Every structure is written in C-alpha cells, then in structure tokens.
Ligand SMILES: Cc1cc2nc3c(=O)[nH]c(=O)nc-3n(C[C@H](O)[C@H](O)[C@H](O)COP(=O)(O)OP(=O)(O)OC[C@H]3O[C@@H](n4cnc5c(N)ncnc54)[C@H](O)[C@@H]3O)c2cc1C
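Before any questions on binding or motion, here is one chain by itself as structure tokens, the form predicted alone.
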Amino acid sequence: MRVSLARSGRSFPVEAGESLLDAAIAAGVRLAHGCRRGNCGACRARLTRGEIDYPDGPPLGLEPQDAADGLILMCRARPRGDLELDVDELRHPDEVAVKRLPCRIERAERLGREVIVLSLRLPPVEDLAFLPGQYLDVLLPQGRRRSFSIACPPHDARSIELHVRYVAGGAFTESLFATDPTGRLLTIEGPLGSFRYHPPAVGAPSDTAPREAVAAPEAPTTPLLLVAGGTGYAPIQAILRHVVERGARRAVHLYFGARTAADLYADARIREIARRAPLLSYVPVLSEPAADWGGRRGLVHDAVLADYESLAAFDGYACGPPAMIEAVCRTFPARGLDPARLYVDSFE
C-alpha cells in the first residue's frame, strides 16, 4: 500500500497494520506530530482519497466534527488500501536528522516514588542533534517502542537525559525499577516530534547545534509561561535550561503540577535552577495535597488563571496528561494567549 501526499506529490509505502505516521517517519517524510497516542491532535491530516481504520477506537484528539470534515489523526490511522492525504510536510530551516543509535545507560537516579532519571551515553563517534522539547523512542523487541522526551538541552547532550515514570507491567519500566539498569545497552531513534522551543525571531542564535557553547544573550523579549504535569516536566526542563543557560533575558514563569508533594520529583532541581536564574519564578501546585502542604492547591492550569487576568503577553508551553492539555488549550486562549504562540505536548 502507498500513501500519496497531495501537496508535494511525494509518496511512501505503508505495511498492513502500520500507522500512517510510523510509515512516514520510516520513509524520512517529516510530518507534524506530538504524542503519537492520538491525544494531542498535532498529526491531523485531511483524507482526500481512500479509507482508514482506527483499530483502537476513535482517538481522543479528534473531535467528531473534525472527523465528519474528513480529518484523521495519522498516528492512530491504519490504511485499508492506497490513499491520499492533504497535509503539509515540515521544512523548517532548523530541521535535524533522525538517527537510530546504540547507547548505554550510564546512570540511573530515582527521583520521587515513581520516576527514574536515566543518563544515556552515546558512542564516542556519535552525537544526537535535537531541538529543546523534542523526544526520542527507545526500541524494544518485537518492534515495540517507548517514547520519552529529552530532558537535557542541546548544549549539554554529552549524556542524553530521560525521565521515566513507573508503569505497572510496563515492558520497559518494570525491568528499570526492579534492578539497577546501569550499563544496560539500548537502541534509540530520534529526535522526533514537532513540540520544540521557538526562539525570538529577530537576532536569535541557532538552536540546532548539539554541542553549542553558551551563545550571546538574547535581547529582552516576550516572557515565557511553562506548564508541566508529572513527567511532562522533562521537555519543559529542556526548554527551561536552554533559555536560562544560554543567558536569555526572558522572564520565565514555571508551574509544575502533581498529585502529592512526593510526586514533585523535580522540585529540588527546579529550585537549584531558580537560584541561578533571577528571572525565573516557580510555582508548584498539588491536586491531592496533605493537610500540612502550605503551597498552591488544585489543578495546575487553574493556578495560572488565578494569577493572571490576561495571558496575552506570554509565549506558552505546556506538557502533561491529556486532561491537562485539553484544559490549557481551552482556557488559555480564552484568557488572551495567542493560539499561534501556545505550544503543547500531550502524553499518557
């Protein structure tokens, strides 16, 4: 079976049972995408010819009206035969190549109850260029993949950092938490995803170098609003460190949501960054706090709305579970944040 792209005239093969997005990535076709689980809606395309199925049921990120208008989510769609899509290919000047690389777990650090921070060491002759906010896939036997956001910035990628949350019965996480995984060999593929930091348009240094030195400071510009839920903090950390450590004079407002204080696994790390970044304000928010919690309570997006009558001044980045991202996308533009300046990444 083949998929044709109406706008570019390109085509690529797709195997039975393979998603349209996976087939495109395997063929080197760059299409916008995010969570790859049908939640964020970033991989929408219009089906202009042919038929598809959703083996796991209609994806959450596609509204019924969108489906009625012929839109599909490529990450969940499987073709019934040859088809044609109306969708733009990504052709950013700062695109970076997707690589498949071996690596070794150099260090594994438990943070909180359910999170391990992995440091992956690449072979000496290899590197991985990426943009702050992107993710990679860990390749498992039988063609399985597990996606994890890259938590380090490009200029500090000697070891690739991942934040891995424990999933009971998980094919990858069970073994990580059961025994010390230090020294374990993995195969990764990346970078992937269109969620990334967008620097100021005028006079901003490039973000593409994997080993770049600290660049000249950016001019004072639009403040950043960063919102993280759970291990959705991983790509937010990459963006935060990228901005802070490159000397950008951007005010950064970071909100980190979790259930309990024990789930604020990156709290100490964030406070250490804040000590070096006078323009960073940090607000942890707990949805199920203990009685002695003296900080903010409730849902993290509600804390943002309570603090700002208008969000029109911000560039916004949010990463977390689908319910959080849905609430952010619904309420932040209503409070004035330009949807074109709101970048989100949803995961399960």
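The structure displayed is predicted, hence computed values, not measured ones. Residues carry their position along the shown sequence, with the first being 1. Just so we're on the same page, rigid core means the largest C-alpha set that superposes within 1.5 Å between forms.
The same protein also exists as the form predicted together with the ligand; that form is not shown, yet it is the one meant from here on.
> Just one of His163, His253, Arg78, His155 has a heavy atom within 4.5 Å of the ligand in the predicted complex. Which one?
Replying inline: Here the answer is residue option His163.
> Looking at Thr173, Thr260, Ser159, Thr221, which is the one with a non-hydrogen atom within 4.5 Å of the ligand in the predicted complex?
Replying inline: By the 4.5 Å heavy-atom cutoff, the listed residue in contact is Thr173.
> Want to guess which of 309 to 317, 29 to 37, 281 to 289, 296 to 304 is within 4.5 Å of the ligand in the predicted complex, heavy atoms only?
Replying inline: That would be 29 to 37.
> Candidate spot Phe148, Gly169 and Ser346, all three in 4.5 Å heavy atom range of the ligand in the predicted complex?
Replying inline: Every listed residue reaches the ligand in the predicted complex, so yes.
> Heavy atom to heavy atom, is Phe130 within 4.5 Å of the ligand in the predicted complex?
Replying inline: No, no contact at 4.5 Å.
> Is there any non-hydrogen atom of Ala234 lying within 4.5 Å of the ligand in the predicted complex?
Replying inline: Heavy-atom contact with the ligand at 4.5 Å: present for Ala234.
> Core-aligned, does Arg297 move its Cα 2 Å or more between the shown form and the other one?
Replying inline: No, shifts by less than 2 Å.
> So with the core overlaid, does the Cα of Gly316 end up 2 Å or more away between the shown form and the other one?
Replying inline: The answer is no; the displacement is under 2 Å.
> After the core is matched up, is the C-alpha of Gly38 off by 2 Å or more between the shown form and the other one?
Replying inline: It does shift by 2 Å or more.
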